[in-house]
Ligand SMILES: Nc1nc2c(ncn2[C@H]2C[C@H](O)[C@@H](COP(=O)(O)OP(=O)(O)OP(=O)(O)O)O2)c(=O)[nH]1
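Let's start with one chain on its own, the form predicted on its own, as structure tokens.
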Amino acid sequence: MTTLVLASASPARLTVLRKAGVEPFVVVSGVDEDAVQEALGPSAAPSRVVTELARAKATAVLTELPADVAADAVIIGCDSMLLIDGTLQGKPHTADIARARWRSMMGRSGTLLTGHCVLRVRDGATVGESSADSATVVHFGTPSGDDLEAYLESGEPMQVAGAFTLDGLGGWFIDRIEGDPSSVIGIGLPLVRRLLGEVGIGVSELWGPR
């Protein structure tokens, strides 16, 4: 059976796949995201940035796979960033940055871009590759000052793209979205289905026992 390898430490992506019937083999890539972005240059299109980051993550874990997994696998790499005011925003990492971002985006909208890269692997070598990005418009609510501070104290927004989640505490402050909810969470199932098809894998081939 083909093993789906998730090149991500994201618990949200893992949850999406598990709820969709797949138990992935998880390998964290350890890619230096800043270095990848720097190499692309400041003029790189936002969609290219997230897609190249996803490709870098997928490619990085290939050499780390055990032989039995690398014999027949598909690797999925993903990267999400929020595009607002023409600027890509990744993880804020600190409460001060997250607070500033929320104060600037509350009551407004931004586009959550998620790059995806799928590698088809046989006997430790890549035999197929497909990549693309998805774009979902996110309309932010306006949390009260107390709610925002409580959200920051939870620690959740510091380690997620754009300083928000749809499937966690941040969901209270998202008024609506236009696009694929799973993509906002971190891995777009409709897009991944298409990319898998382009490398010769049907999604039902990856489903575990129900």
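For clarity, every value in this text was computed on a predicted model and none was experimentally measured. One rule holds for the numbers: they count along the sequence shown, beginning at 1.
This next part talks about the form predicted in complex with the named molecule, which is not shown.
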Handout entry: Contact flag, residue 91 vs the named molecule in the predicted bound form, heavy atom cut 4.5 Å
Key = yes
Practice task
Verify the contact flag for residue 20: yes if a non-hydrogen atom of it lies within 4.5 Å of a non-hydrogen atom of the named molecule in the predicted bound form, no if not.
Solution key: no
Problem - Contact test in the predicted bound form: residue 37 vs the named molecule, heavy atoms, 4.5 Å - result: no
Handout entry: is_contact(residue 51, the named molecule) in the predicted bound form, heavy atom dist at most 4.5 Å
Key = no
Practice task
May I ask you to choose, among 160, 56, 62, 152, the residue with a heavy atom within 4.5 Å of the named molecule in the predicted bound form?
Solution key: 160
Practice task
Name the stretch, out of 180-188, 66-74, 37-45, 141-149, where some heavy atom lies within 4.5 Å of the named molecule in the predicted bound form.
Solution key: 180-188
Exercise for the section: Enumerate the residues of 59-87 that have a non-hydrogen atom within 4.5 Å of the named molecule in the predicted bound form, in sequence order, or give none. Expected result: 78, 79, 80
